[in-house]
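As a starting point, one isolated chain is supplied in structure tokens, in the form predicted alone.
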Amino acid sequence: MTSFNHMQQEAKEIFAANGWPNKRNEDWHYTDLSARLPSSFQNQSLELSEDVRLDKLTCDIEDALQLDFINGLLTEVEELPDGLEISALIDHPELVQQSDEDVTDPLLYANLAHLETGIVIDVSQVIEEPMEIHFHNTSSEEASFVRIVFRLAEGASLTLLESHSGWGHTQLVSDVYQHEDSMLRHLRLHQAEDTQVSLLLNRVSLDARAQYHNVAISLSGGLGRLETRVTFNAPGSHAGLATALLSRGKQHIDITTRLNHLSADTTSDTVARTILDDEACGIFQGKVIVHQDAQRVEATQKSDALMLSADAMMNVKPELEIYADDVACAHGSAIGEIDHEALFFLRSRGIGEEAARIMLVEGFVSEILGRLDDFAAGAVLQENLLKRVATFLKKSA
């Protein structure tokens, strides 16, 4: 087995040779990192900052489990319940071993080249309490690189709340391995300052009847790529991906999904709702691949965008790559303005224009937030997120 240090050195050499991708790379055509990010990162003596106030998703949820990464470093971990264990990734080099495909993937080789903190979270049973992992950078000069591996045993389940805030550069790779009949409900909230660069890659591997439910909410951040890749390894596995993206100013947020159906009798659905104001730029790239032996696959993806400004830009690239003949797959996309008739109707009922616009936009994203009904503490999470959405919309009104 190749040592961790040797793999990291190889990744550094690959990063030095290839750097960040540019628009000539098809997967990065709309998000040219080479023009936006430095070609190298200096090793920094990262420190944990004291007395950092974190606006957490779990502030009103009793018994929630919490892990905090401040400037890329894991703070002290509280006592964990039975069924949850955390270990250091450096002790599991087999989980970092790069495949031939990995060494050409900029999010992977850049992460490994600069990796500061890596942990493995093992879930061996049903965990009732939600777990929040919060990532925060305290300075625009900070660059943090973190990798987390989740392993869910047969029949295990977890509600994972992932939240991001602060400044600087954050690059996170999350690898999820779900065994038979396991379930992961995963909420990702991206609400950082306009100077933050966030490159978030989530890779999920599903065994028989495993279920992965993801809800991603992006409310701010200067430059972001939120990428999710799911591999369906066995019959009965399912993934549901729901994204609400709200951007204003000159923010540039890229939502990319790749669903790889290797097995027959697997299902997936992808829904994305995007709201853009000012000169914001939104991207949705969704790709579904159905392999030759993956018969009876059902996969749908839908992207809708609401443009609040004539200067905003939306790029959509839905793809279906199908090699089987007994499948039910579909995709669709729509881009438009606020419904002026609906706006007129609300105003004719005595509702002010600002309040009416907020109501219509909240209705546009309500389907996404509704996916939280089955999450642990789902009602509290919905209320928390609705307040954040309302605050965003009032600033844009």
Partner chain sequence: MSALLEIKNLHVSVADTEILKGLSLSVSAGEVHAIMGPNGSGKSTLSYVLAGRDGYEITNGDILLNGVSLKGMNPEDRAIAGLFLAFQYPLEIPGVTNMTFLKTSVNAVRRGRGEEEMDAASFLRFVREKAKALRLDDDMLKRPLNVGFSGGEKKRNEILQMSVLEPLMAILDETDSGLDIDALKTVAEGVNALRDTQRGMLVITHYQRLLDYIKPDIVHILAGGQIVKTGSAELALELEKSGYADYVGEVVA
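Numbering follows the first chain given and starts at 1. Since this is a predicted model, take the numbers as computed values, not measurements.
In what follows, reference is made to the form predicted in complex with its partner chain, a form of this protein that is not presented.
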Among 361-369, 329-337, 66-74, 23-31, the stretch whose residues bring a heavy atom within 4.5 Å of its partner chain in the predicted bound form is 361-369
Interface membership of Leu346, its partner chain in the predicted bound form, 4.5 Å heavy atom rule: yes
State yes or no: in the predicted bound form, is some non-hydrogen atom of Glu62 no more than 4.5 angstroms from a non-hydrogen atom of its partner chain? no
Against its partner chain in the predicted bound form, would Pro38 count as a contact residue? Criterion: heavy atoms within 4.5 Å. no
